[in-house]
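One chain comes next, on its own, written out as structure tokens in the form predicted on its own.
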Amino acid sequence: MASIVRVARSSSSFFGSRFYSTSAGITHASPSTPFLHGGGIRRDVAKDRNVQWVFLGCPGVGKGTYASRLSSLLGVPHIATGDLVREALASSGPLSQQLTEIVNQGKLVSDEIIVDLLSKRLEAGEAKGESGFILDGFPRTMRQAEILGDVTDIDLVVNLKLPEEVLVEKCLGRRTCNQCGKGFNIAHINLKGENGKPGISMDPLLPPPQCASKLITRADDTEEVVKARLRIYNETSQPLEDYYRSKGKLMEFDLPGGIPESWPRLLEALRLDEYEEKQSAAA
């Protein structure tokens, strides 16, 4: 198995793991209960941007959306293993053929392949002077978490959560423009609240006129394959969540809706709401 390049950390990183420890080793952030760091957070974000975070969550939950936004806000690279796999799929050769079969069957890509792809991406970033990262889609198994833990110190693991019926609708609504490559979603989700749980409403993310006639659907975004992916993810994710929870690094965040509702709540949970305001004012 290829080894992951060691990612150096500066001693002044502002999100040390000590900020996420609780007496029970468990933390949870809901829309009405912001996640509170045990000891606070320094506000000198502009000087220290080398956070080393992981985003967990079922396929379609929005890991890429929120990780990408935080990447732009904090000035660190967003590394999505799903993107790495799709880039490999678009290439030619035996790996592309192997990945095509795996993805079309709704199976998970092996640890060996994921680690090799991520190693190459981190090495390329290190060569360009990148510092820190937000990982999206890695680790997804205990084995991967152990490999990652051997080479770098993860500050925080954000576990995004949505009901399964919402996840299925979101995945089935995904579309990509085959010309510009931008992603959209045609699903209009309106889940009524019941049994004490709040409802969830998400507006579609529709394409502009120039992309409307060029939308394509991912080959693996069928109901059967989506449900298979969710089932496999749920079977493998619990040990991973327990692992990071025991280290006091897991923040569980229930998405209250689409981006307009969820983004400010997530920033509040991460105590980055004031920082975004300062960044916007300085722009």
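Numbering starts at 1 and runs along the sequence shown. All of these numbers come straight from a predicted model, not from anything done at the bench.
From this point on, the text means the form predicted in complex with a small molecule, which you will not see here.
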Do heavy atoms from each of G60, V85 and F138 fall within 4.5 Å of the small molecule in the predicted bound form?
yes
Residue (of N185, S131, T81, S71) lying close to the small molecule in the predicted bound form, criterion heavy atoms within 4.5 Å:
T81
Listed residue that, although the small molecule is not shown, lies within 4.5 Å of it in the predicted bound form (heavy atoms), from V168, L162, C177, V109:
V109
Select, from the options 199-207, 154-162, 123-131, 101-109, the stretch whose residues sit within 4.5 angstroms of the small molecule in the predicted bound form by heavy atom distance.
101-109
Can any non-hydrogen atom of R245 be found within 4.5 angstroms of the small molecule in the predicted bound form?
no
Indicate whether the small molecule has at least one heavy atom within 4.5 Å of a heavy atom of K214 in the predicted bound form.
no
Given that the small molecule is not shown alongside this chain, does I114 nevertheless sit within 4.5 Å of it in the predicted bound form, heavy atom to heavy atom?
yes
When the contact criterion is heavy atoms within 4.5 Å, does D254 count as touching the small molecule in the predicted bound form?
no
